[in-house]
Ligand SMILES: NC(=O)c1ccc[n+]([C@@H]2O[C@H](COP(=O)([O-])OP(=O)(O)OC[C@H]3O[C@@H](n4cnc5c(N)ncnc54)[C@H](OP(=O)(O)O)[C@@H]3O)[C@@H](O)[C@H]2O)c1
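To begin, one chain is listed below as structure tokens, in the form predicted alone.
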Amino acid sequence: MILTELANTGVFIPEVGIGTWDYHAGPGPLRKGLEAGALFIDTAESYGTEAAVGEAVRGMRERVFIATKVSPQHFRSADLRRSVDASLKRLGTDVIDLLQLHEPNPSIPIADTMQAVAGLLDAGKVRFAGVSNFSVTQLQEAQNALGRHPIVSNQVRYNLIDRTIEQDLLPYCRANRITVIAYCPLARGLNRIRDCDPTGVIDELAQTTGRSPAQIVINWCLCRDGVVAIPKGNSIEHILDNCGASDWRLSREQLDLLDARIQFRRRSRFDQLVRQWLPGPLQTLAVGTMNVLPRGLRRRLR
């Protein structure tokens, strides 16, 4: 597994970690992924997976980089501190390697939130601070509020068919040495990516390289400077397959083929706002509805 520096911290993490959103397979598959070298695992208080992560890292905690997230309704100082203490207990550890704000919450002053984060950093309960789903402006505001402590990462959606962050966020993060943690590097499933591959270029490259389609898609993310990926898998087979996306690179010519033949999009600001504020149950319903539509229609609505 290739290691890459987290921002400019001097700490190196695997370029392929393990995501646990919508994960329900227990600690066993997570442990196998850790043993395969994916010693970077991402969770959140809202995922309900912190306890499974804590069990999976038992006996090897000192080797594993654990990232978790605070939900936006807990961004007030006292709530945030209680939230972190609860996460520490569920994870079975005395320090969180990377604490991330799950998404912006404009109803709570960012200065209050970051003051609490700074206190946790100073107290040694948290090693590094990050954010998730923050725009450039929101990232700048959070960094100004945090003061002398750097924000080292922004966890955002990024994959072969959704390249929205390439417009301004990815360049900003690169220029400021902020690591981009790509969630959903396989979109909502490999079939969704195949919907946007009408000529079958992914399967062509899989045959050429001897890699799986999932590995091709994840490796595309890893070829972007400053990006690491946290794919999810609900079985040992899938998690180990995801780990195989590291230790090699697509060639420039192969990347050009993907760029030319994959029908990707960059979402408008309006689209991003709708997705950000759409309630979770409605998002789940929308995804389920999308999956039963004909492929041609899914491609237009993705």
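Note that the structure is a prediction, hence the values are computed from the model and not measured. Quick note: we count residues from 1 along the sequence shown, nothing fancier.
Beyond what is shown, the protein has a form predicted in complex with the named molecule; the following relates to that form.
Gly189 belongs to the set of residues with a heavy atom inside 4.5 Å of the named molecule in the predicted bound form.
The named molecule in the predicted bound form comes within 4.5 Å of no heavy atom belonging to Gly130. Although the partner is absent here, Arg31 is not a contact residue: none of its heavy atoms lies within 4.5 angstroms of the named molecule in the predicted bound form.
Taking the partner from elsewhere, Phe12 is found to have every heavy atom lying beyond 4.5 Å of the named molecule in the predicted bound form. Contact here is defined as any heavy atom lying within 4.5 Å of the named molecule in the predicted bound form, and by that definition not a single one of Asp112, Arg174 and Arg177 is a contact residue. Checking 55-63, 32-40, 256-264, 234-242 against the named molecule in the predicted bound form, the stretch whose residues place heavy atoms within 4.5 Å of it is 234-242. Contact annotation for 14-30: residues with any non-hydrogen atom within 4.5 angstroms of the named molecule in the predicted bound form are Gly19, Thr20, Trp21, listed in sequence order.
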